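There is one chain below, alone, in structure tokens, taken in the form predicted on its own.
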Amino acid sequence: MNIKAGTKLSDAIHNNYLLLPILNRFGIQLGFGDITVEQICEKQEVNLKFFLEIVNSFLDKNYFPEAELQNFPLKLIVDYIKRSHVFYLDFKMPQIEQMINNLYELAPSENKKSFQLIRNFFAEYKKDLFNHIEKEEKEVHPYILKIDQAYYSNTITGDIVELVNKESISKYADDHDNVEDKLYDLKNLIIKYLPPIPDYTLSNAILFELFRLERDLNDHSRIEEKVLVPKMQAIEKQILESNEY
């Protein structure tokens, strides 16, 4: 289903409920009745074109309008990424962690060590994800917004040029690989080596949430790697070429 301005938002959710956390990142809560995407975006003061590109690229992996997304302001893209971080840190990771703790409590005593291994592995993954997000929030995003503001206000100083030379966005372009690999390893550990327990529905639910998280993170990474980084690289290139001495 391709979502358009005139699509009823309720129809979009019925078609794919995985859109719910994406909607929340735009400040859209349930209870919106039968209004269309255009109407809810106007009500919430959300950029309609940006919203449509984000949700449609999430729904269809073959649809990813890199050029169109790169036309949107960096501040808009960074704000969406930050809202995604809030979802991971404040909701999704605590939810999965609680489920894994419950799984450990249900495990037979003879298999506790195996289930503790899963808890430890998740704790390491959580730490890596938190560190990755913290680096983006404290180092990468402030750099992007500072360069973006200077570029579009035409206030390129020597300090800005020096900053671009020192902190190029290319330094951060490949930071996702380790985090994504660890999530795959965690899923693999549960699928292949989890000892049987009386209530298998909990282990299935954990795996389901990990797959949902992986899909969301992959979509998140795609926006950063194919939209945010190339757009920033183009700005850095123009700054350096315009200020050669």
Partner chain sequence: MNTNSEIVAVVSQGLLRAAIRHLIKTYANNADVMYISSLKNCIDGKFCPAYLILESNSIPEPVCFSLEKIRSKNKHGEILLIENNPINDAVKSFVSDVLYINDNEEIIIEKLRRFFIRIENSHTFHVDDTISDREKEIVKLVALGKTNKEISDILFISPHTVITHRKNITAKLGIKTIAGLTVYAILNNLIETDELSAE
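Remember, predicted model here, so these are calculated numbers, not experimental data. Residue numbers count along the first chain shown, from 1.
Not pictured, yet referred to below: the form predicted together with its partner chain.
- Here the chain stands by itself, but in the predicted complex one stretch of 63 to 71, 197 to 205, 48 to 56, 29 to 37, 197 to 205, has heavy atoms within 4.5 Å of its partner chain.
- Taking the partner from elsewhere, no residue among Glu134, Tyr143 and Ser221 has a non-hydrogen atom within 4.5 angstroms of its partner chain in the predicted complex.
- Taking the partner from the other structure, its partner chain in the predicted complex has a heavy atom within 4.5 Å of a heavy atom of Tyr193.
- Contact between Asp185 and its partner chain in the predicted complex is found at the 4.5 Å heavy atom cutoff.
- Although the partner is absent from this view, Asp181 contacts its partner chain in the predicted complex, with a non-hydrogen atom inside 4.5 angstroms.
- Taking non-hydrogen atoms only, Phe121 approaches its partner chain to within 4.5 angstroms in the predicted complex.
- A heavy atom within 4.5 Å of its partner chain in the predicted complex is found for exactly one of Gln149, Asn111, Gln98, Thr157: Asn111.
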